[in-house]
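Next up is one chain by itself, shown in structure tokens, the form predicted on its own.
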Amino acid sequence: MAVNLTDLSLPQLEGLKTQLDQEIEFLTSSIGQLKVAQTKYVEAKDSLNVLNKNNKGKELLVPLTSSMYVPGTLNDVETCLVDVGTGYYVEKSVEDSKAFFKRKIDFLTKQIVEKIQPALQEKHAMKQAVVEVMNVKIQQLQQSQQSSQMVGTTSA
């Protein structure tokens, strides 16, 4: 059911604007979170390039935490463990891992471009329409107040 914005009162319009602001903030935040996840997948996919026959047997530092590393040797350049979510890891070939990360990147891109950005643009347009109607109503209110003041001053 569509509602004509001009039929709403200023407090109702203000409430609608506040609701749209919250929805815009949520959608913007969602895009940011999806882009962070997308970046992690891109970095993971790019880091798979290290797993090649030329690097087999090379020494490297293995992270234990974000600030602690131990020395290690790269023995297996054919497979890796991939975090597939909720604490599950699957051993995959390097090529399968790249394909997995590409699918994840493509899925996130599709979510952002096809679903969230259009919804965000729609919310911005709705907010703009609400603000325009609010401005018209405020102008009308000010004009009616000025005309009532003029009527009051001419009769005095």
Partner chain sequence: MAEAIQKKLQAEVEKYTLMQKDVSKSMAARQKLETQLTDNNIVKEELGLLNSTNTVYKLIGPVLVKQDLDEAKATVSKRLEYINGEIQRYEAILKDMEKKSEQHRELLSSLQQEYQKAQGLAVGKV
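Residue numbers count along the first chain shown, from 1. Model, not experiment: these values are computed from the prediction.
Omitted here: the form predicted in complex with its partner chain. The next part is about that form.
Trainee: At 4.5 Å between heavy atoms, is V113 in contact with its partner chain in the model of the complex?
Mentor: Contact with its partner chain, no.
Trainee: Could you tell me if R103 has a non-hydrogen atom within 4.5 Å of its partner chain in the model of the complex?
Mentor: R103: contacts its partner chain in the model of the complex.
Trainee: Is Y69 a contact residue for its partner chain in the model of the complex, using a 4.5 Å heavy atom cut-off?
Mentor: Outside the cut-off, so no.
Trainee: Would K92 sit within 4.5 Å of its partner chain in the model of the complex, counting heavy atoms only?
Mentor: K92: yes, in contact with its partner chain in the model of the complex.
Trainee: Any idea which of 84 to 92, 44 to 52, 60 to 68, 117 to 125 reaches within 4.5 Å of its partner chain in the model of the complex, heavy atoms considered?
Mentor: Of the options, only 84 to 92 has residues within 4.5 Å of the partner.
Trainee: Going through 26 to 41, which residues have a heavy atom within 4.5 Å of its partner chain in the model of the complex? Please give them in sequence order.
Mentor: Sequence-ordered list is empty.
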